[in-house]
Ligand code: GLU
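The chain below stands alone and is given as structure tokens, in the form predicted alone.
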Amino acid sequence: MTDVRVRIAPSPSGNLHVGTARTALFNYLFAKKNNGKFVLRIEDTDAERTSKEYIDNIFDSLKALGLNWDEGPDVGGPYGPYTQSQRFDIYPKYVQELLDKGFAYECFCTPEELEQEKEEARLNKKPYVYTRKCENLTEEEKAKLRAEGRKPAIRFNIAKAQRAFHDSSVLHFDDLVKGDLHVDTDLLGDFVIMKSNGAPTYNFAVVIDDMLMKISHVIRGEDHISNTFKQILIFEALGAEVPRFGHLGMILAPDRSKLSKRHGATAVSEFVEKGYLTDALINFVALLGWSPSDGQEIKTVDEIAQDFRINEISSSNSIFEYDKLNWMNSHYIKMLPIEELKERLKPYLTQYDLNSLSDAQYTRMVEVTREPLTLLSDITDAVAYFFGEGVELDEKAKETLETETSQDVLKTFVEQSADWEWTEENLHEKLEAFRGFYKEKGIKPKVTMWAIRAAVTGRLCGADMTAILAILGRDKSLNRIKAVMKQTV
């Protein structure tokens, strides 16, 4: 195999989409598996939609996912610059080469004339293909058009290129993912490679960039298949080696529509902001269209890279199952070392005074609340009752505290706990005995604990009650109970 060089070439017209992240991941895995290079190129030729904010988001998101590139705008490399807008002086030379070889020609058609052609094709119920009326203009005709103030665009001559390198009008290529793909090039039409203002079009610029950066394999979404046929012909017309192409199926929402914001987060930065761990996200994304050989789904990027086989990627579309991602994220949260988890949770606890807790109390609070966390952001609500003097009662807590049984439990608890040693170990023993005391009176243990939990936390579910009481301390715990007793007696 030739030296493997792959690239991810996002357009900075928005935040890095999870679909682009998957494309980047599969390129990264392919490079890592084959001891190759992973290149980042920014395709920012659409000046109106490009912003530095989006470029920074692409950099930050890829780095957060651990997809570090070997060459790119920030780290440089032997084939830079790696930002397309800085490469505009490169493209005219190759346009001229195609003109000289007869694989391109000047087109003076106005937008109005082209629109009229399209309308005629529509009326005749035929697919629109450019009529090539500018292909054989004489120099005199071109001079006259220039004198009228017309500036030509440059079109690629599909038919000439196809005839020069292939036996028929049908162009085939062996896709790394989908196998044999082909098209009748007579249906493509001569396409513009350089606009009348001198700007290269996507299909031309990307070929020149891939050629000069010695890209060996192009792995991208299946929405580019129609572009690939055109790009293969440009590579051939320039006498360049054609890369191997592989096209990935689309990522669809659970309802099988295009994944969009109405389904939830779609940008990597949105997932991170919501509290998804990047390790979980990258692990989940790797399984969109690919399966590990051993059936073990929880894997690090390095483990995935060792097992990765591009020919085993599914050619079908993949469903983005948020439920599975949530399960996987929950698993990764449980796997985090406690000290790391404490740091990861702090951005979601800024509304609370963490200084009111000692490090030991904060550690214990995280230990007893981490189990049900699906997202890091879930911690915000999960620990609300650990802060402040009082708590807000939810409806179920209010209902519970209105019963005579609950009031009796609270009254007795306050009386009996006055001289308890307020440590978690001792509280566990005392609460066991307390539940037993009420069980003998025919009160179920859960009813007994609901009363205490409702008074102390304002809700009927949450962390282990002995841990909550120990973290809050005697005074705060009893004050909350007494406050509720006063309100409901």
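Heads up: residue numbers just count along the shown sequence, starting at 1. From a predicted model like this one, the values you see are computed outputs, not experimental measurements.
Beyond the structure shown, there is the form predicted in complex with ligand GLU, which is absent from this document and is the topic of what follows.
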Check your understanding: Is there a heavy atom of Phe108 lying 4.5 Å or less from a heavy atom of ligand GLU in the predicted complex?
Key -> no
Review point. Taking heavy atoms and a 4.5 Å cut-off, does Tyr202 contact ligand GLU in the predicted complex?
Key: yes
Check your understanding: Taking heavy atoms and a 4.5 Å cut-off, does Ala104 contact ligand GLU in the predicted complex?
Key -> no
Review point. Does Asn15 make contact with ligand GLU in the predicted complex, using a 4.5 Å heavy atom cut-off?
Key: no
Review point. All three of Asn157, Lys230 and Leu238 touching ligand GLU in the predicted complex at 4.5 Å, heavy atom to heavy atom?
Key: no
**Study point:** in the predicted complex, the one of Arg220, Arg364, Arg370, His217 near ligand GLU [non-hydrogen atom within 4.5 angstroms]
**Key:** Arg220
Study note, to complete from the structure: ligand GLU in the predicted complex has a heavy atom of only one listed residue within 4.5 Å, and of His166, His224, His331, Lys142 that residue is His224
Study note, to complete from the structure: TL;DR on 117 to 125, 249 to 257, 202 to 210, 296 to 304: the one with heavy atoms within 4.5 Å of ligand GLU in the predicted complex is 202 to 210
Review point. Of 432 to 467, which residues get within 4.5 Å of ligand GLU in the predicted complex if you count heavy atoms?
Key: none
